[in-house]
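Same chain, two versions here, written out as structure tokens and called structure 1 and structure 2.
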Structure 1
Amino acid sequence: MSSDETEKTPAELLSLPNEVLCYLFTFIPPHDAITKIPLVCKRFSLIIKDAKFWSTRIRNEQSVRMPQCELRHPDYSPQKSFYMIHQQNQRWKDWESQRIITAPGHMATVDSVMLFSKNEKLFCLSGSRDRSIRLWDIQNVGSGENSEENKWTVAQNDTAHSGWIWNVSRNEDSEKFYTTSWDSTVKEWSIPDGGALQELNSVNLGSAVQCVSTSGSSNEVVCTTFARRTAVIDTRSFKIVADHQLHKKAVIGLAVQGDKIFTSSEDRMMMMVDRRMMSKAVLFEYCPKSYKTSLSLQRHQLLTSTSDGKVKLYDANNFNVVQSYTVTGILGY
């Protein structure tokens, strides 16, 4: 072939080596790269589905080192992880310019809020020290001023508890939600299609109830109290079916996954017990300088905040510290 014919031959993407194609694909928005590029041809599809391609991008572009507990998780996907990291970076990169809306309604400190969707609409449920709970329509809050035609609060109960409301949680399957209070009760609620808040059940735990979680076994709710108690409630009878008092002070942090119940207390202990045998701790950690003020569990990763201003990430399988960050002087509840 002559040099003139070579110059006239058009360049094709398929003639490029995989290394060059991988580089070019990094300039394509992640959503398009995941959903459209694999449809072009089999070769492109194999590149996009290659875990090494996305693992390299996580490490080089996002500067993220995935913890071993995440890498070992059976549902771990480098492609999905990269996309979620990208989405969070996009969401928060201009956070200082975001519009802040103050929604008046409660008359005292709001200690708990929970976002959820129903019938393709986004809601926020809030519990306050004024002893009331309110259901907010997020779309109405963002679309204009509070008015009869555009009500921000679509349902409320001003006497939900006789004490401060500490926490709220929602069961996604049953769509029921639960509130805890200083009045020592845990209450079960429903939100009918009409929007009214309907109280279904209540149980007294003997002392102020702090945390509540619906992430455990089916038909069970786990909660903690200021009197050292961690209790399991059967939602069918709404009675306490199991409990322990392994902590020596108020239990202020709770995270549940299946049969694993993680708690933290002002006694500076963090522990995990098995729901099937709650008489002793399976894992525990004692920290002499601070205590864990809150816990969050996802995919074998336990995220904690501490009373000395740190955020610590643990491997939930063994309580090994994966990462630690200093945030501020003192972290509250």
Structure 2
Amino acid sequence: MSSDETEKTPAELLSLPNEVLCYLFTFIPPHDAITKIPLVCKRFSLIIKDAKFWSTRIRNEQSVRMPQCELRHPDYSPQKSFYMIHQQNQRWKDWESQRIITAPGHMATVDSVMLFSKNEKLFCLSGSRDRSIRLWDIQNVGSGENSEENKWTVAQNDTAHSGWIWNVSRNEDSEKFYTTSWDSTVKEWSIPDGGALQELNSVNLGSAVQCVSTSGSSNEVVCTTFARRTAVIDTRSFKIVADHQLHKKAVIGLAVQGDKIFTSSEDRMMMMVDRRMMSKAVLFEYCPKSYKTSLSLQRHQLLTSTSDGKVKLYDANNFNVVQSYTVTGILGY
């Protein structure tokens, strides 16, 4: 098609009706469809910016039904959702062929790992039953053998606790770490650049401490213990400032978002209390058949794993079950 044939009208892609154009766009890789196509002309832009185009694709091509609490969220964008789902599908499509590297170092079960990034480098902090915590440099692990020049473990503390370490958490703003242990303490750590792990604070909660979360208020850390307790610790004084013992058994699941504290226990109850009034459960669920082994909270959706092998998705505002999957075996984290 040469441009000096001025008498001949150029081929009209625009002569195709909209629904044909929509179908055509589904064959273009999502990244190009989102970034380049809208810039071609106004008509294309209107199609790509239409939420319905993407909602239909999520339903038909990706076979995904969004839960109501997600659809009603003010930030919900079907275009973004489609793209994220596409990315995740691509990523996990061949997960068996992804590289697996075993990093030896701990001498006993590693019960908790936490991935984070700092200054664009990737790290992992692990806590183990050998009572130590180790900081791993992920890039080094991926680039070659463990050696003096290419250290996998860049910092460690072999006597971090005097009992099994159950959980590790990190506050993104203050960059401080918190570890919980069978020795009944919660400890606060910092890792200065290039330096060793530094213990800053410690508080004893009376019994083995299980979960920890830094997603509540900025100066507070929430923990749960085996003696049914859910405690809030002020990081400035490192003292317990609030707690409740509404559960009847060990509290093994915790998720926090702002003022909402979600907990689950072996007593088969799952509840949510408001930080400002810890004495009463705002939401409550009792499940006779199983208990929730872990909780994960994001944007009003609570994902739980149960002791009878299911993954259940709840609407965090009202504890309605949105979806339920059965997986074989018992799930941990």
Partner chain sequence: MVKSPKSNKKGGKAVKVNNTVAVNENLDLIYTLISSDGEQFQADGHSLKLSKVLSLAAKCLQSTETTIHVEKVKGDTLKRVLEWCENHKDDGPYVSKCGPGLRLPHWDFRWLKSLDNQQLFDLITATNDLQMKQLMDYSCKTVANMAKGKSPEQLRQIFGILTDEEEAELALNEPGPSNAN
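Between two forms, the rigid core is defined as the largest C-alpha subset superposing within 1.5 Å. These numbers come from a predicted model, not from an experiment. Residues are numbered by position in structure 1's sequence, first residue being 1.
- Looking at both structures, it is structure 1 that matches the form predicted on its own.
- If you fit the rigid core between structures 1 and 2, you'll see the Cα of N318 move by less than 2 angstroms.
- Once the rigid core is overlaid between structures 1 and 2, M269 does not reach a Cα shift of 2 Å, moving by less than that.
- In the rigid-core superposition between structures 1 and 2, residue position H31 carries a C-alpha shift of 2.3 Å.
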